[in-house]
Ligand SMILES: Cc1cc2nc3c(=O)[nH]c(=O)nc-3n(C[C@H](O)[C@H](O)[C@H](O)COP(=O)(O)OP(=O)(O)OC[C@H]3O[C@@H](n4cnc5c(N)ncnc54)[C@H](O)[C@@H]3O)c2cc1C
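Before any questions on how it binds or moves, here is one chain, the form predicted on its own, in C-alpha coordinates.
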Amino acid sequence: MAEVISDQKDINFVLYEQLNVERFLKAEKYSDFNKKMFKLVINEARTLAIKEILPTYTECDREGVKFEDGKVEVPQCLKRVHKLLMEGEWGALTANPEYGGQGLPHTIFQAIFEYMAGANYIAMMYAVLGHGAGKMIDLFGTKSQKDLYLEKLYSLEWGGTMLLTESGAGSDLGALETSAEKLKDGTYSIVGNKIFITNGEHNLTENIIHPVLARVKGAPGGTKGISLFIVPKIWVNDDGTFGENNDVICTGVEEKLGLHGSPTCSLSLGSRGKCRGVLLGKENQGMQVMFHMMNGVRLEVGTQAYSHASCAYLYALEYAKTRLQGKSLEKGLDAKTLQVPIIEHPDVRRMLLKMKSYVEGLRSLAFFTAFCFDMIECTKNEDEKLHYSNLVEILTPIVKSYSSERGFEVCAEGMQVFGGYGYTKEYPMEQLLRDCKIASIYEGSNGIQATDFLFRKVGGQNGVMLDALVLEIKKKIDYSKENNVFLDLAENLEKVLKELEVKLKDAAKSVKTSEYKSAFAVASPLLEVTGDVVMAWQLLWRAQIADAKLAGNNGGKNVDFYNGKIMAAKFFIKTILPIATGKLDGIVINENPVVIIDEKSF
(Lines give C-alpha, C1' and ligand atoms only; values in the text may rest on other atoms or scores of the structure.)
Protein backbone atom coordinates (compact mmCIF):
# COMPACT_ATOMS: atom_id res chain seq x y z
CA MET A 1 0.00 0.00 0.00
CA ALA A 2 1.39 3.38 -1.03
CA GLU A 3 2.14 5.79 1.81
CA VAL A 4 0.04 8.93 1.83
CA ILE A 5 -0.13 12.32 3.51
CA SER A 6 -2.68 15.10 3.25
CA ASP A 7 -4.73 15.89 0.14
CA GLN A 8 -2.81 18.41 -2.00
CA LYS A 9 -5.74 19.24 -4.24
CA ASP A 10 -8.06 20.01 -1.36
CA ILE A 11 -5.44 22.09 0.44
CA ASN A 12 -5.03 24.20 -2.70
CA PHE A 13 -8.82 24.52 -2.93
CA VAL A 14 -8.98 25.95 0.59
CA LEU A 15 -6.01 28.29 0.09
CA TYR A 16 -6.77 29.74 -3.31
CA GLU A 17 -10.51 29.23 -3.86
CA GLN A 18 -12.06 29.36 -0.42
CA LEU A 19 -9.80 31.83 1.41
CA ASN A 20 -8.14 33.62 -1.50
CA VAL A 21 -4.81 33.95 0.31
CA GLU A 22 -3.46 36.27 -2.39
CA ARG A 23 -5.28 39.06 -0.52
CA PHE A 24 -2.50 39.02 2.08
CA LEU A 25 -0.04 40.25 -0.53
CA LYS A 26 -1.75 43.65 -0.39
CA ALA A 27 -0.82 44.02 3.28
CA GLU A 28 2.40 45.84 4.07
CA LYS A 29 3.61 42.98 6.26
CA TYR A 30 3.58 40.51 3.35
CA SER A 31 4.32 42.86 0.47
CA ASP A 32 7.69 41.18 -0.19
CA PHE A 33 5.96 37.88 -1.03
CA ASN A 34 3.97 36.79 -4.08
CA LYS A 35 1.71 33.86 -4.94
CA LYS A 36 4.52 32.05 -6.71
CA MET A 37 6.62 32.20 -3.53
CA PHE A 38 3.71 30.89 -1.46
CA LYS A 39 3.30 27.92 -3.79
CA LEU A 40 7.04 27.27 -3.95
CA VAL A 41 7.53 27.01 -0.19
CA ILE A 42 4.39 24.87 0.22
CA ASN A 43 5.50 22.49 -2.54
CA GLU A 44 8.98 22.22 -1.02
CA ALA A 45 7.40 21.36 2.31
CA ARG A 46 5.26 18.67 0.70
CA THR A 47 8.26 17.16 -1.07
CA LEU A 48 10.24 17.09 2.18
CA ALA A 49 7.27 15.57 3.98
CA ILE A 50 6.84 12.78 1.43
CA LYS A 51 10.47 11.91 0.79
CA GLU A 52 12.07 12.41 4.19
CA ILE A 53 9.56 12.74 7.02
CA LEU A 54 6.89 10.17 6.09
CA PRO A 55 9.31 7.18 5.97
CA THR A 56 10.13 7.78 9.65
CA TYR A 57 6.53 7.53 10.87
CA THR A 58 6.30 3.80 11.49
CA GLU A 59 10.01 3.42 12.22
CA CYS A 60 10.07 5.89 15.11
CA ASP A 61 6.92 4.31 16.55
CA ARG A 62 8.48 0.84 16.54
CA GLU A 63 11.84 2.00 17.90
CA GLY A 64 10.49 4.42 20.49
CA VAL A 65 12.62 6.45 22.90
CA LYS A 66 15.18 4.99 25.30
CA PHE A 67 15.61 6.31 28.84
CA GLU A 68 18.66 5.57 30.98
CA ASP A 69 20.43 7.44 33.78
CA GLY A 70 18.38 10.59 33.26
CA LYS A 71 19.09 10.73 29.53
CA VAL A 72 16.70 10.18 26.62
CA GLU A 73 17.78 8.75 23.27
CA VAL A 74 15.37 9.58 20.43
CA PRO A 75 14.78 7.19 17.52
CA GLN A 76 17.76 7.32 15.19
CA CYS A 77 15.63 8.08 12.13
CA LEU A 78 14.52 11.41 13.58
CA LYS A 79 18.02 12.84 13.68
CA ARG A 80 18.28 13.17 9.90
CA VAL A 81 14.80 14.71 9.72
CA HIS A 82 15.64 17.28 12.38
CA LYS A 83 18.86 18.16 10.58
CA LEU A 84 16.95 18.70 7.33
CA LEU A 85 14.41 20.89 9.13
CA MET A 86 17.27 22.95 10.52
CA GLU A 87 19.03 23.26 7.16
CA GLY A 88 15.80 24.25 5.44
CA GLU A 89 14.99 26.81 8.15
CA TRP A 90 11.57 25.28 8.74
CA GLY A 91 11.52 26.01 12.47
CA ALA A 92 9.93 29.46 12.55
CA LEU A 93 8.04 30.11 9.34
CA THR A 94 5.69 32.75 10.78
CA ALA A 95 8.21 34.26 13.20
CA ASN A 96 10.05 37.56 13.24
CA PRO A 97 12.67 37.65 10.41
CA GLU A 98 14.93 39.74 12.67
CA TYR A 99 15.64 36.58 14.66
CA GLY A 100 15.71 34.01 11.87
CA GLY A 101 11.99 33.62 11.18
CA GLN A 102 10.49 33.64 7.69
CA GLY A 103 7.59 36.02 8.38
CA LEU A 104 5.06 33.96 6.40
CA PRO A 105 1.27 34.25 6.88
CA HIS A 106 -0.24 31.79 9.35
CA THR A 107 -2.51 30.43 6.62
CA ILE A 108 0.47 29.47 4.47
CA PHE A 109 2.11 27.86 7.49
CA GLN A 110 -1.11 25.92 8.07
CA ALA A 111 -0.67 24.18 4.71
CA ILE A 112 3.01 23.49 5.36
CA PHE A 113 2.33 22.18 8.84
CA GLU A 114 -0.48 19.91 7.68
CA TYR A 115 1.81 18.20 5.18
CA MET A 116 4.55 17.73 7.74
CA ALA A 117 2.24 16.77 10.60
CA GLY A 118 0.46 14.32 8.31
CA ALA A 119 3.81 12.78 7.44
CA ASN A 120 4.99 12.40 11.05
CA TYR A 121 3.61 14.61 13.79
CA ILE A 122 6.16 13.22 16.23
CA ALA A 123 9.04 14.66 14.20
CA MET A 124 7.30 18.01 13.99
CA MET A 125 6.69 18.25 17.74
CA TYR A 126 10.41 18.77 18.31
CA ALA A 127 10.22 21.75 15.95
CA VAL A 128 6.99 23.44 16.99
CA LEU A 129 7.74 23.36 20.70
CA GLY A 130 10.92 25.33 20.14
CA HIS A 131 8.96 27.85 18.12
CA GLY A 132 6.31 28.08 20.85
CA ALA A 133 8.91 28.81 23.54
CA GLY A 134 10.54 31.34 21.25
CA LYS A 135 7.25 33.08 20.52
CA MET A 136 6.70 33.85 24.20
CA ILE A 137 10.20 35.29 24.49
CA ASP A 138 9.62 37.27 21.29
CA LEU A 139 6.45 38.82 22.73
CA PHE A 140 7.44 39.36 26.37
CA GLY A 141 11.20 39.02 26.62
CA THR A 142 13.81 41.72 27.09
CA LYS A 143 16.13 42.67 24.26
CA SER A 144 18.95 40.66 25.83
CA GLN A 145 16.67 37.59 26.25
CA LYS A 146 15.65 37.79 22.60
CA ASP A 147 19.25 38.11 21.48
CA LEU A 148 20.28 35.20 23.67
CA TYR A 149 17.56 32.65 22.89
CA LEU A 150 15.44 33.43 19.84
CA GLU A 151 17.74 32.64 16.94
CA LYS A 152 18.79 29.34 18.52
CA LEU A 153 15.15 28.34 19.13
CA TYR A 154 13.88 29.46 15.74
CA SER A 155 16.75 27.71 13.94
CA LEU A 156 15.94 24.45 15.84
CA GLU A 157 19.51 24.37 17.14
CA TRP A 158 17.94 24.38 20.59
CA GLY A 159 14.73 22.65 21.59
CA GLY A 160 11.87 24.03 23.67
CA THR A 161 9.15 22.79 26.00
CA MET A 162 6.42 24.13 28.28
CA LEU A 163 6.53 23.15 31.96
CA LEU A 164 3.03 23.52 33.38
CA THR A 165 1.74 20.26 34.81
CA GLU A 166 2.44 18.90 38.29
CA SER A 167 1.11 15.75 39.94
CA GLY A 168 -1.10 17.78 42.27
CA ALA A 169 -1.86 20.49 39.73
CA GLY A 170 -2.83 18.99 36.42
CA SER A 171 -5.37 21.25 34.80
CA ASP A 172 -5.65 23.28 38.02
CA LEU A 173 -2.58 25.43 37.48
CA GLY A 174 -3.43 27.61 40.44
CA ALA A 175 -2.50 24.69 42.72
CA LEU A 176 1.07 24.36 41.43
CA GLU A 177 3.82 24.12 44.06
CA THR A 178 6.96 24.86 42.05
CA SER A 179 8.60 27.83 43.75
CA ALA A 180 10.94 30.61 42.69
CA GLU A 181 13.13 32.79 44.90
CA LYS A 182 14.99 35.83 43.63
CA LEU A 183 18.76 35.73 43.99
CA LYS A 184 21.19 38.61 44.41
CA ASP A 185 22.25 38.48 40.74
CA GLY A 186 18.64 38.96 39.55
CA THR A 187 18.11 35.32 38.54
CA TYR A 188 15.72 33.04 40.41
CA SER A 189 16.28 29.76 42.22
CA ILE A 190 13.66 27.28 40.96
CA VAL A 191 12.52 24.23 42.97
CA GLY A 192 9.77 21.79 42.01
CA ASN A 193 8.65 18.81 39.98
CA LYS A 194 6.84 18.74 36.65
CA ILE A 195 5.17 15.82 34.86
CA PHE A 196 3.84 15.03 31.36
CA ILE A 197 6.44 17.26 29.72
CA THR A 198 6.57 16.62 25.99
CA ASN A 199 10.18 16.38 24.78
CA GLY A 200 11.36 17.43 28.24
CA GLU A 201 14.66 15.64 27.73
CA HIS A 202 16.27 14.32 24.53
CA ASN A 203 19.54 14.20 22.59
CA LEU A 204 18.24 15.81 19.40
CA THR A 205 19.49 19.31 20.25
CA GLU A 206 22.44 20.58 22.25
CA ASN A 207 20.24 22.54 24.66
CA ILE A 208 16.56 22.66 25.68
CA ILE A 209 14.91 25.88 26.85
CA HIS A 210 12.19 25.24 29.44
CA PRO A 211 9.57 27.95 30.05
CA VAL A 212 8.53 27.09 33.64
CA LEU A 213 5.45 28.19 35.56
CA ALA A 214 6.31 28.79 39.21
CA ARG A 215 5.25 30.93 42.15
CA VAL A 216 7.61 33.51 43.59
CA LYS A 217 7.74 33.21 47.37
CA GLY A 218 5.20 35.59 48.89
CA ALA A 219 3.12 35.82 45.71
CA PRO A 220 -0.70 35.55 45.87
CA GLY A 221 -2.31 32.12 45.74
CA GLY A 222 -4.11 30.73 42.69
CA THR A 223 -3.32 31.67 39.13
CA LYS A 224 -2.85 35.36 39.99
CA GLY A 225 0.45 34.57 41.69
CA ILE A 226 2.04 32.53 38.90
CA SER A 227 5.13 33.75 37.06
CA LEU A 228 6.95 32.36 34.03
CA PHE A 229 10.67 31.68 33.91
CA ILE A 230 13.18 30.76 31.22
CA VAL A 231 15.07 27.75 32.55
CA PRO A 232 17.72 26.32 30.18
CA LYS A 233 18.80 22.70 30.46
CA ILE A 234 22.36 24.03 30.21
CA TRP A 235 22.87 27.52 31.59
CA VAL A 236 23.46 30.16 28.94
CA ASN A 237 25.88 32.94 29.88
CA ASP A 238 25.27 36.55 28.89
CA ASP A 239 27.74 36.21 26.01
CA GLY A 240 25.91 33.15 24.62
CA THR A 241 28.45 30.59 25.82
CA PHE A 242 27.37 27.59 27.86
CA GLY A 243 27.73 27.46 31.60
CA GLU A 244 27.14 24.39 33.74
CA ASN A 245 24.23 21.93 33.68
CA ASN A 246 21.25 23.62 35.29
CA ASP A 247 19.97 20.99 37.74
CA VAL A 248 17.05 19.99 35.51
CA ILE A 249 16.89 16.21 35.86
CA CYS A 250 14.66 13.81 33.93
CA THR A 251 13.41 11.25 36.45
CA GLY A 252 11.29 9.13 34.12
CA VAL A 253 9.58 8.73 30.76
CA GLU A 254 5.96 7.61 30.41
CA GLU A 255 4.95 4.44 28.56
CA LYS A 256 2.16 5.68 26.29
CA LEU A 257 -0.53 4.41 23.95
CA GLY A 258 0.94 6.36 21.03
CA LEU A 259 3.54 8.97 20.07
CA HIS A 260 6.27 6.50 20.99
CA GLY A 261 8.96 8.57 19.30
CA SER A 262 8.32 11.55 21.59
CA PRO A 263 9.40 11.36 25.25
CA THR A 264 6.81 12.42 27.84
CA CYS A 265 9.01 13.26 30.81
CA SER A 266 8.94 13.82 34.53
CA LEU A 267 11.40 16.57 35.44
CA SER A 268 12.91 17.51 38.78
CA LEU A 269 13.97 21.14 39.12
CA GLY A 270 16.47 22.16 41.78
CA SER A 271 16.74 18.85 43.64
CA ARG A 272 20.40 19.76 44.24
CA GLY A 273 19.62 23.42 44.87
CA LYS A 274 21.26 24.57 41.65
CA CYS A 275 18.40 25.24 39.21
CA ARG A 276 18.29 28.83 38.02
CA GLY A 277 15.91 30.72 35.76
CA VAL A 278 15.31 34.22 34.49
CA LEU A 279 11.94 35.93 34.72
CA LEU A 280 10.00 36.24 31.44
CA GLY A 281 7.79 39.31 31.53
CA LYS A 282 6.84 40.48 35.01
CA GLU A 283 6.23 38.66 38.27
CA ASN A 284 2.69 37.24 38.54
CA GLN A 285 2.23 37.65 34.75
CA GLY A 286 2.84 33.98 33.91
CA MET A 287 -0.68 33.04 32.87
CA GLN A 288 -0.98 36.07 30.60
CA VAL A 289 2.28 35.17 28.87
CA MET A 290 1.36 31.52 28.51
CA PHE A 291 -2.06 32.17 27.01
CA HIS A 292 -0.50 34.16 24.20
CA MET A 293 0.98 30.86 23.09
CA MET A 294 -2.01 28.62 23.75
CA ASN A 295 -4.30 29.68 20.89
CA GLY A 296 -1.61 28.75 18.39
CA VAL A 297 -0.80 25.51 20.19
CA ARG A 298 -4.44 24.46 20.26
CA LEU A 299 -4.73 25.09 16.52
CA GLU A 300 -1.67 22.86 16.09
CA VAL A 301 -3.32 20.11 18.16
CA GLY A 302 -6.47 20.36 16.05
CA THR A 303 -4.26 20.08 12.98
CA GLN A 304 -2.58 17.00 14.42
CA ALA A 305 -5.97 15.35 14.79
CA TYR A 306 -7.45 16.15 11.40
CA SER A 307 -4.17 15.43 9.58
CA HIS A 308 -4.22 11.94 11.10
CA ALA A 309 -7.85 11.71 9.99
CA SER A 310 -6.92 12.83 6.48
CA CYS A 311 -4.32 10.09 6.22
CA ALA A 312 -6.81 7.55 7.57
CA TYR A 313 -9.37 8.61 4.96
CA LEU A 314 -6.92 8.45 2.07
CA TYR A 315 -5.64 5.03 3.15
CA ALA A 316 -9.20 3.74 3.56
CA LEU A 317 -10.22 5.14 0.16
CA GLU A 318 -7.30 3.45 -1.58
CA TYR A 319 -7.98 0.18 0.22
CA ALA A 320 -11.70 0.28 -0.60
CA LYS A 321 -10.96 0.74 -4.30
CA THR A 322 -8.64 -2.27 -4.46
CA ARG A 323 -9.90 -4.73 -1.84
CA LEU A 324 -12.14 -7.38 -3.46
CA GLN A 325 -14.74 -8.73 -1.09
CA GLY A 326 -18.33 -9.84 -1.64
CA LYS A 327 -20.55 -9.42 -4.67
CA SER A 328 -22.56 -6.51 -5.95
CA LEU A 329 -26.10 -6.20 -4.65
CA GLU A 330 -27.43 -6.44 -8.22
CA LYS A 331 -25.81 -9.81 -8.89
CA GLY A 332 -25.30 -11.19 -5.44
CA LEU A 333 -27.40 -14.30 -6.06
CA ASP A 334 -25.42 -15.31 -9.13
CA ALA A 335 -22.82 -17.89 -8.04
CA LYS A 336 -20.65 -17.08 -11.07
CA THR A 337 -20.41 -13.38 -10.25
CA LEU A 338 -16.93 -12.19 -9.33
CA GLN A 339 -16.13 -10.29 -6.16
CA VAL A 340 -16.18 -6.51 -6.37
CA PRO A 341 -14.11 -3.78 -4.70
CA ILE A 342 -15.67 -3.00 -1.35
CA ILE A 343 -16.21 0.63 -2.36
CA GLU A 344 -19.22 -0.67 -4.32
CA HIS A 345 -20.96 -1.67 -1.08
CA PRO A 346 -23.32 1.06 0.20
CA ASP A 347 -22.22 0.84 3.83
CA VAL A 348 -18.57 1.27 2.89
CA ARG A 349 -19.49 4.26 0.75
CA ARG A 350 -21.37 5.68 3.72
CA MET A 351 -18.29 5.36 5.92
CA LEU A 352 -16.03 6.92 3.30
CA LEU A 353 -18.35 9.87 2.65
CA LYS A 354 -18.65 10.47 6.37
CA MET A 355 -14.86 10.48 6.66
CA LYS A 356 -14.52 12.78 3.65
CA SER A 357 -17.03 15.30 4.97
CA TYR A 358 -15.36 15.52 8.39
CA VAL A 359 -11.82 15.73 7.03
CA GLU A 360 -12.65 18.45 4.52
CA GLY A 361 -14.76 20.42 6.98
CA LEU A 362 -12.11 20.21 9.69
CA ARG A 363 -9.44 21.31 7.24
CA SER A 364 -11.43 24.37 6.24
CA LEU A 365 -12.11 25.19 9.90
CA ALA A 366 -8.41 25.05 10.81
CA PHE A 367 -7.36 27.07 7.77
CA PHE A 368 -10.07 29.65 8.45
CA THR A 369 -8.84 30.01 12.04
CA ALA A 370 -5.29 30.57 10.77
CA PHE A 371 -6.75 33.03 8.26
CA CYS A 372 -8.31 34.98 11.15
CA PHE A 373 -4.88 35.22 12.81
CA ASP A 374 -3.58 36.76 9.59
CA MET A 375 -6.48 39.17 9.20
CA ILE A 376 -5.82 40.56 12.68
CA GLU A 377 -2.33 41.51 11.51
CA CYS A 378 -3.26 42.57 7.98
CA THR A 379 -6.29 44.78 8.40
CA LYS A 380 -5.95 48.41 9.41
CA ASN A 381 -9.65 48.69 10.21
CA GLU A 382 -10.03 48.47 13.99
CA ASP A 383 -13.57 47.05 13.79
CA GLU A 384 -12.36 44.28 11.47
CA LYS A 385 -9.39 43.60 13.73
CA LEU A 386 -11.73 43.20 16.70
CA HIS A 387 -14.07 40.98 14.66
CA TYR A 388 -11.29 38.58 13.69
CA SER A 389 -9.88 38.63 17.21
CA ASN A 390 -13.30 37.55 18.50
CA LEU A 391 -13.41 34.80 15.90
CA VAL A 392 -10.00 33.49 16.95
CA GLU A 393 -11.09 33.40 20.58
CA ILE A 394 -14.31 31.48 20.00
CA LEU A 395 -12.95 29.18 17.29
CA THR A 396 -9.89 28.06 19.25
CA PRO A 397 -11.70 25.71 21.68
CA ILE A 398 -13.84 24.42 18.80
CA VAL A 399 -10.94 23.65 16.48
CA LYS A 400 -9.05 21.93 19.30
CA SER A 401 -11.85 19.87 20.83
CA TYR A 402 -14.08 19.13 17.84
CA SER A 403 -11.14 18.30 15.57
CA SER A 404 -9.67 15.94 18.15
CA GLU A 405 -12.99 14.17 18.79
CA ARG A 406 -13.97 13.84 15.15
CA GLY A 407 -10.42 13.20 13.99
CA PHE A 408 -10.23 10.18 16.27
CA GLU A 409 -13.66 9.07 15.09
CA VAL A 410 -12.51 9.24 11.46
CA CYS A 411 -9.44 7.14 12.30
CA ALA A 412 -11.70 4.55 13.93
CA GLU A 413 -13.99 4.59 10.90
CA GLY A 414 -10.99 4.08 8.65
CA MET A 415 -9.95 1.06 10.66
CA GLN A 416 -13.48 -0.29 10.21
CA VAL A 417 -13.16 0.03 6.43
CA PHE A 418 -10.07 -2.18 6.60
CA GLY A 419 -11.84 -4.69 8.81
CA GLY A 420 -9.52 -7.11 10.60
CA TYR A 421 -6.52 -5.92 8.64
CA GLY A 422 -6.97 -2.43 10.08
CA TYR A 423 -6.44 -3.84 13.57
CA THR A 424 -3.03 -5.25 12.66
CA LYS A 425 0.35 -3.54 12.43
CA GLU A 426 0.56 -4.57 8.78
CA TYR A 427 -1.37 -1.40 7.93
CA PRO A 428 -0.99 2.13 9.36
CA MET A 429 -4.51 2.48 10.74
CA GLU A 430 -3.82 1.27 14.27
CA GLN A 431 -0.91 3.69 14.71
CA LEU A 432 -2.95 6.60 13.37
CA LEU A 433 -5.69 5.73 15.85
CA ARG A 434 -3.25 5.49 18.77
CA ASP A 435 -1.38 8.68 17.92
CA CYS A 436 -4.58 10.67 17.36
CA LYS A 437 -6.17 9.95 20.74
CA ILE A 438 -3.92 12.22 22.77
CA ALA A 439 -5.21 15.31 20.91
CA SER A 440 -8.40 15.31 23.01
CA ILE A 441 -6.40 15.12 26.25
CA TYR A 442 -3.37 17.40 26.18
CA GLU A 443 -3.07 21.18 25.85
CA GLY A 444 -6.24 21.54 27.88
CA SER A 445 -8.51 18.50 27.83
CA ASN A 446 -11.72 18.82 25.86
CA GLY A 447 -13.81 19.21 29.00
CA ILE A 448 -11.73 22.24 29.92
CA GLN A 449 -12.12 23.59 26.40
CA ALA A 450 -15.89 23.31 26.84
CA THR A 451 -15.83 25.14 30.16
CA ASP A 452 -13.71 27.91 28.64
CA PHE A 453 -16.00 28.01 25.59
CA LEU A 454 -19.17 28.49 27.64
CA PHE A 455 -17.86 30.76 30.39
CA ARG A 456 -15.34 33.00 28.62
CA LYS A 457 -16.18 32.77 24.93
CA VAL A 458 -19.99 32.55 24.83
CA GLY A 459 -20.69 34.36 28.09
CA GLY A 460 -17.82 36.81 28.07
CA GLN A 461 -17.94 40.43 26.90
CA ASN A 462 -21.74 40.41 26.47
CA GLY A 463 -21.59 37.66 23.86
CA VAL A 464 -19.62 39.55 21.19
CA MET A 465 -17.51 36.49 20.31
CA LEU A 466 -20.58 34.37 19.69
CA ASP A 467 -22.09 37.21 17.66
CA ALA A 468 -18.97 37.29 15.45
CA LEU A 469 -19.27 33.56 14.73
CA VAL A 470 -23.02 33.72 14.03
CA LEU A 471 -22.43 36.64 11.67
CA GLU A 472 -19.93 34.63 9.61
CA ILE A 473 -22.24 31.62 9.39
CA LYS A 474 -25.19 33.79 8.34
CA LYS A 475 -23.13 35.22 5.48
CA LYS A 476 -23.12 31.80 3.80
CA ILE A 477 -26.78 31.17 4.60
CA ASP A 478 -27.67 34.54 3.03
CA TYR A 479 -25.55 33.74 -0.03
CA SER A 480 -27.61 30.61 -0.66
CA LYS A 481 -30.85 32.56 -0.28
CA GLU A 482 -29.75 35.39 -2.55
CA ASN A 483 -28.44 33.08 -5.26
CA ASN A 484 -31.05 30.34 -4.84
CA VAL A 485 -28.33 27.70 -4.49
CA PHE A 486 -28.50 24.85 -1.95
CA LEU A 487 -31.47 26.59 -0.38
CA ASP A 488 -32.56 23.44 1.46
CA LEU A 489 -29.10 23.01 2.98
CA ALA A 490 -28.96 26.65 4.05
CA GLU A 491 -32.40 26.46 5.64
CA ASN A 492 -31.47 23.31 7.56
CA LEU A 493 -28.33 25.02 8.84
CA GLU A 494 -30.23 28.18 9.74
CA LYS A 495 -32.78 26.22 11.77
CA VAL A 496 -30.15 24.46 13.88
CA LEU A 497 -28.12 27.67 14.25
CA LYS A 498 -31.11 29.51 15.72
CA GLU A 499 -31.83 26.69 18.18
CA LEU A 500 -28.15 26.52 19.16
CA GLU A 501 -27.88 30.27 19.70
CA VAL A 502 -30.81 30.18 22.12
CA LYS A 503 -29.35 27.25 24.06
CA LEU A 504 -25.91 28.83 24.25
CA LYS A 505 -27.23 32.14 25.55
CA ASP A 506 -29.48 30.42 28.09
CA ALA A 507 -26.59 28.31 29.36
CA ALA A 508 -24.28 31.34 29.53
CA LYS A 509 -26.87 33.18 31.63
CA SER A 510 -27.30 30.16 33.90
CA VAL A 511 -23.58 30.16 34.66
CA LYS A 512 -24.21 33.31 36.70
CA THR A 513 -27.15 31.83 38.64
CA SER A 514 -27.72 29.07 41.17
CA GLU A 515 -27.94 26.69 38.18
CA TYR A 516 -24.26 27.18 37.33
CA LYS A 517 -23.37 23.53 37.99
CA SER A 518 -26.03 22.36 35.53
CA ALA A 519 -24.81 24.90 32.98
CA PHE A 520 -21.26 23.58 33.14
CA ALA A 521 -22.60 20.02 32.95
CA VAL A 522 -23.93 20.76 29.46
CA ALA A 523 -20.87 22.71 28.28
CA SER A 524 -19.36 19.74 26.41
CA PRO A 525 -22.59 18.81 24.56
CA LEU A 526 -23.04 22.48 23.62
CA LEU A 527 -19.50 22.66 22.27
CA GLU A 528 -20.11 19.47 20.30
CA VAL A 529 -23.24 20.85 18.66
CA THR A 530 -21.46 24.10 17.92
CA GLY A 531 -18.84 22.02 16.15
CA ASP A 532 -21.56 20.31 14.11
CA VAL A 533 -22.93 23.70 13.06
CA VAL A 534 -19.46 25.01 12.21
CA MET A 535 -18.85 21.91 10.07
CA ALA A 536 -22.09 22.49 8.19
CA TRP A 537 -21.12 26.13 7.65
CA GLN A 538 -17.71 25.25 6.24
CA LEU A 539 -19.07 22.47 4.01
CA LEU A 540 -21.86 24.71 2.69
CA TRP A 541 -19.27 27.38 1.91
CA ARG A 542 -17.16 24.84 0.02
CA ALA A 543 -20.20 23.58 -1.91
CA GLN A 544 -21.12 27.13 -2.93
CA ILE A 545 -17.65 27.62 -4.41
CA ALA A 546 -17.82 24.28 -6.21
CA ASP A 547 -21.25 25.09 -7.64
CA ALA A 548 -20.02 28.43 -8.96
CA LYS A 549 -17.09 26.70 -10.66
CA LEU A 550 -19.33 24.12 -12.28
CA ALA A 551 -21.94 26.69 -13.32
CA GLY A 552 -19.29 28.79 -15.02
CA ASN A 553 -17.91 25.80 -16.91
CA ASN A 554 -14.69 26.26 -15.00
CA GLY A 555 -14.79 22.75 -13.63
CA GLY A 556 -12.93 21.32 -16.62
CA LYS A 557 -11.14 18.17 -15.59
CA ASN A 558 -12.14 18.89 -11.99
CA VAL A 559 -15.87 18.17 -12.36
CA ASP A 560 -15.65 15.11 -10.12
CA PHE A 561 -13.59 17.03 -7.59
CA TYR A 562 -16.17 19.82 -7.32
CA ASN A 563 -19.06 17.38 -7.27
CA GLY A 564 -17.34 15.73 -4.33
CA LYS A 565 -17.51 18.99 -2.39
CA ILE A 566 -21.24 19.25 -3.06
CA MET A 567 -21.89 15.64 -2.08
CA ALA A 568 -19.93 16.04 1.16
CA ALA A 569 -22.04 19.07 2.10
CA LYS A 570 -25.30 17.33 1.24
CA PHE A 571 -24.33 14.20 3.16
CA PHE A 572 -23.34 16.09 6.29
CA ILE A 573 -26.17 18.61 6.37
CA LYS A 574 -28.89 16.10 5.46
CA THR A 575 -27.75 13.06 7.49
CA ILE A 576 -25.50 14.28 10.33
CA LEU A 577 -26.61 17.82 11.15
CA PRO A 578 -30.23 16.75 11.95
CA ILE A 579 -28.80 14.73 14.83
CA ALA A 580 -27.68 18.04 16.34
CA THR A 581 -31.34 18.95 16.92
CA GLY A 582 -31.74 15.84 19.03
CA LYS A 583 -28.57 16.69 20.92
CA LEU A 584 -29.96 20.15 21.67
CA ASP A 585 -33.21 18.63 22.92
CA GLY A 586 -31.14 16.53 25.30
CA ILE A 587 -29.36 19.55 26.79
CA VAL A 588 -31.29 20.36 29.96
CA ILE A 589 -30.25 22.71 32.70
CA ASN A 590 -33.18 22.47 35.11
CA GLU A 591 -33.24 19.19 37.03
CA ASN A 592 -30.08 17.98 35.28
CA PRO A 593 -29.40 14.39 36.46
CA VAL A 594 -25.65 15.01 36.30
CA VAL A 595 -25.97 17.51 39.14
CA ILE A 596 -28.80 15.89 41.08
CA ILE A 597 -27.33 12.38 41.35
CA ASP A 598 -25.78 11.50 44.69
CA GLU A 599 -22.17 10.29 44.54
CA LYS A 600 -23.23 7.00 46.13
CA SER A 601 -25.61 6.37 43.23
CA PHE A 602 -22.84 6.07 40.65
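Everything numeric here is computed off the predicted structure, so don't read it as measured data. Counting begins at 1, following the sequence as shown.
Absent from the display: the form predicted together with the named molecule. The rest refers to it.
Checked against the named molecule in the model of the complex, the candidates 528, 443, 247, 430 yield a single residue with a heavy atom inside 4.5 Å, and that residue is 443. Checking 219, 392, 438, 470 against the named molecule in the model of the complex, a heavy atom within 4.5 Å turns up for just one residue: 438.
By the criterion of a heavy atom within 4.5 Å, residue 212 is excluded from the residues contacting the named molecule in the model of the complex. Under a 4.5 angstroms non-hydrogen atom cutoff, the named molecule in the model of the complex has residue 171 among its neighbouring residues.
The named molecule is not drawn, but in the model of the complex it has no heavy atom within 4.5 Å of residue 80.
In the model of the complex, at least one heavy atom of residue 165 sits within 4.5 Å of a heavy atom of the named molecule.
Of the candidate stretches 238 to 246, 189 to 197, 305 to 313, 131 to 139, only 189 to 197 contains residues with a heavy atom within 4.5 Å of the named molecule in the model of the complex. Taking the named molecule as it sits in the model of the complex, the stretch 254 to 288 comes within 4.5 angstroms of it through a non-hydrogen atom at 256, 264.
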